[in-house]
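Listed next as structure tokens is one chain, alone, in the form predicted alone.
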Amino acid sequence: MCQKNLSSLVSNLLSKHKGYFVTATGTDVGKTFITALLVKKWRDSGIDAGYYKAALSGAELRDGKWIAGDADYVKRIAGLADTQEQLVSYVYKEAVSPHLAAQKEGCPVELSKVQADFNAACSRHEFIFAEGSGGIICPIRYDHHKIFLVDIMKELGLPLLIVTTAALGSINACVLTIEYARSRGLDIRGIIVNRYGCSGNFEMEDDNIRMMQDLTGLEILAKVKEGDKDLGVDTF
């Protein structure tokens, strides 16, 4: 377990990069929850961290207005003042893959807008956590122009943090995600395990975590339990 190394990793990273791209081994793994804790941790530590997401599908209707739920959650947990338009470039109503939502609702993703909005986020904040949509191969646009999440990752140029669980099947999902990212030339900085202990089988989960670390050669940066209010790493 390498939680204690997160402080030095971040200190070294600040002089080289503008942030991290947070992705996950699949949908509903909890990357928004983890991203919120990351942004909060950095801000609590005195670093002006912000948030950005290129595309969100499955917006929530509140008081007659469509709300980007993921961004709104991070904003509330981390205490961000940014508007929804500053946090998310494309918001779709239907809870389907962004490429299908765009086909049904219009306004497909343009990488030029994503890059411009990301640059604007970087100008407002010292450090940015960009959150992905679904898993790494999630189709973002699929018409005459095809964009996958990995294309956005490459466009933004941030190192990746991989969010996974330690549940049954997590070894396969985690290793495949990381190997695909590596095949596309992406830089991966570590793994964060979410919902640690939820299965009740700690022997299995701890072994899965060891296997994910051994098979990928990556550090496990944190193990986060359901409902945790903090990443459980040292303040830096």
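The first residue of the sequence shown is number 1, and the count goes up from there. Predicted model only: the values in this text are computed from it and were never measured.
Keep in mind that the form predicted together with a small molecule is missing from the display, and what follows is about it.
When you look in the predicted complex, the only residue of S57, T177, N208, T32 with a non-hydrogen atom within 4.5 Å of the small molecule is T32.
Of the candidates N201, S183, T27, N172, T27 is the one whose heavy atoms come within 4.5 Å of the small molecule in the predicted complex; the others do not. Among heavy atoms of M212, none comes within 4.5 Å of the small molecule in the predicted complex. The closest non-hydrogen atom of R195 lies within 4.5 Å of the small molecule in the predicted complex. With a 4.5 Å cutoff on heavy atoms, G217 does not count as touching the small molecule in the predicted complex; it lies far away. Though the partner is left out of this view, V224 does reach within 4.5 Å of the small molecule in the predicted complex, counting heavy atoms only.
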